[in-house]
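Let's start with one chain on its own, the form predicted alone, as structure tokens.
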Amino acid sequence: MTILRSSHRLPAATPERGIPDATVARLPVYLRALNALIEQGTGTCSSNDLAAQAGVNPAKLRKDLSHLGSYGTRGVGYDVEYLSYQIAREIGQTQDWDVVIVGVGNLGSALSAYQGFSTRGIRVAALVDTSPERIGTEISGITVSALQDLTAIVAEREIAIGIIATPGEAAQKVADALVEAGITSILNFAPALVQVPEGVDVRKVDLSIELQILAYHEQRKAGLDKVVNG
């Protein structure tokens, strides 16, 4: 399915609908599941089938989709392509979103080269760093700019989303610079919490914490094995 996209910034539908944050977090999972069904040639699916594909409880899926409207037909299920489009529209995937990455060390460079962004309407439009050794170099086909040029870059390219990929000690300074430049949504990969004014959304991704959680589960499984096997 080809999703028609606009390069202009449009108002999101979510605030008007009042969709809960937990539901919003699951909508991309449903969209990925629907796209997989489309690739398999599936035209319609039941809520149970879609829930299984997405790895969620069917009742939770039905409740989540009820926030979007009524797109299912009793006895038939969901039109896969139509539901995929409606979810994509709801989460802003029917238009392209330019993002700026601040910090182009190992993580920032890897993010700039990630091909999965483009298939989801996300386009890395600018790279910014404070290191004189990196400024002016080219990474993933993009010339790295200086932090002091951030405001001009954001205004010129109408960027709304910024990614922080710096060490923790620099995160707050970068967040402040992003907000001052006009960025209203931030994805923070730095191992630090950042404070932003009301109206700016921040999502935190801490890979070390996620690994620690997995280590905890591994430790529990090892403990249970010892109990079971004596």
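Numbering starts at 1 and follows the sequence shown. This one's a predicted model, so the numbers in the text were calculated from it and none came from an experiment.
Although it is not shown, the form predicted together with another copy of the chain is what the next lines describe.
*Asks:* Within 4.5 angstroms, counting heavy atoms, which one of the listed stretches 72 to 80, 126 to 134, 107 to 115, 141 to 149 is next to another copy of the chain in the model of the complex?
*Replies:* After filtering at 4.5 Å, what remains is 107 to 115.
*Asks:* Just one of 179, 170, 37, 187 has a heavy atom within 4.5 angstroms of another copy of the chain in the model of the complex, so which one?
*Replies:* By the 4.5 Å heavy-atom cutoff, the listed residue in contact is 187.
*Asks:* Is residue 199 close enough to another copy of the chain in the model of the complex to count, meaning some heavy atom within 4.5 Å?
*Replies:* Yes, contact at 4.5 Å.
*Asks:* Is there a heavy atom of residue 55 lying 4.5 Å or less from a heavy atom of another copy of the chain in the model of the complex?
*Replies:* Residue 55: contacts another copy of the chain in the model of the complex.
*Asks:* Residue-level contact is defined here as any heavy atom of the residue lying within 4.5 Å of another copy of the chain in the model of the complex; does residue 32 satisfy this criterion?
*Replies:* Close contact exists here: in the model of the complex, residue 32 approaches another copy of the chain to within 4.5 Å, heavy atoms only.
*Asks:* Is there any non-hydrogen atom of residue 160 lying within 4.5 Å of another copy of the chain in the model of the complex?
*Replies:* Contact check for residue 160: yes, within 4.5 Å of another copy of the chain in the model of the complex.
*Asks:* Along 72 to 91, which positions have a non-hydrogen atom within 4.5 Å of another copy of the chain in the model of the complex?
*Replies:* 89, 90, 91 sit within 4.5 Å of the partner.
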